[in-house]
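So this first bit is one chain, no partners, the form predicted alone, shown in structure tokens.
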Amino acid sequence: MIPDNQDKALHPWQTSARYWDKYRALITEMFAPLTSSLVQEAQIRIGQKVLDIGGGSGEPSLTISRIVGPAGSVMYTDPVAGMLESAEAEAGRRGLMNIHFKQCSADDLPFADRTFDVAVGRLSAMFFVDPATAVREALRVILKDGCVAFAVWGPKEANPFFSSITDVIDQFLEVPPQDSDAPDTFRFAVPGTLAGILEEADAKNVLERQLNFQIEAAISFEQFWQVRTEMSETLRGKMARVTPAQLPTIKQAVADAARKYFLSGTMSFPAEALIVSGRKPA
């Protein structure tokens, strides 16, 4: 049972789910370097039982299911019904029999102690309602010496895929100051923040490494604009406050700011993430 206050926070993600499904192939391509780095960090291999916390529209569960093979399994979890339905439908289309699905919150995992070899979260930890409890839960349900690994975004200024639109829109709108610990894309952008939570939860061998990569796809600026303004709940909210008169000016300013990332029909944004991992004490 998901509490009312949490249910309210999840509602925008229910709306987002259809757009994440709509752009599934594109999102998979754009964030593939994050997925592969997370898999590498967690040392996922054939035959393992892996927990995916906050699996969204299906990644990294879909990728991991191929790696662990029929002898292994993946438990996909997400608190958003729409995301789970989308991921489950895609697994069905691909004929994947080793992924199981559970709707639940990261801070209340309905699994017994020491159920999984590894627990991972790709771009989900920033939105955990209670990150400290969620990390303790992840450690609880993995085997002794098992690995927990998260991928989170680095600083906003190092990620123009996001900032190129938001920085322009924010010049036109009154933006209230935000609590730095509120669920947000850049909640764990400051190095050491998420690593500190793992250490406080008694994880051992806590490691944090910076991942620099390119968010690339063969799409135009127009397609990028559509993808970003549909996928992001924050942007959808801001766009709803933009007047029809303001829109062409904003879009042109974004196009000017982002022009250098669109050359010869291809989008390529520099990006920075943090891969944070730790192990369960023996």
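Not measured: the values here are computed from a predicted model. We number the residues from 1 along the sequence you see.
Omitted from view is the form predicted together with a small molecule, to which the following refers.
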>> Exactly one residue in S86, N159, S105, N98 has a non-hydrogen atom within 4.5 Å of the small molecule in the predicted complex; which is it?
In response: S105
>> Just to be sure I understand the contacts: of L274, A271, L10, M267, which is the one whose heavy atoms reach within 4.5 angstroms of the small molecule in the predicted complex?
In response: L10
> Using a 4.5 Å heavy atom cut-off, which stretch among 41 to 49, 55 to 63, 246 to 254, 217 to 225 contacts the small molecule in the predicted complex?
Replying inline: 55 to 63
>> Just checking whether V129 would be counted as a contact of the small molecule in the predicted complex - the rule being heavy atoms within 4.5 angstroms.
In response: yes
> Taking heavy atoms only, is Y261 within 4.5 angstroms of the small molecule in the predicted complex?
Replying inline: no
> So, in the predicted complex, is Y19 in contact with the small molecule at a 4.5 angstroms heavy atom limit?
Replying inline: no
> Counting only non-hydrogen atoms and a 4.5 angstroms cut-off, does I197 reach the small molecule in the predicted complex?
Replying inline: no
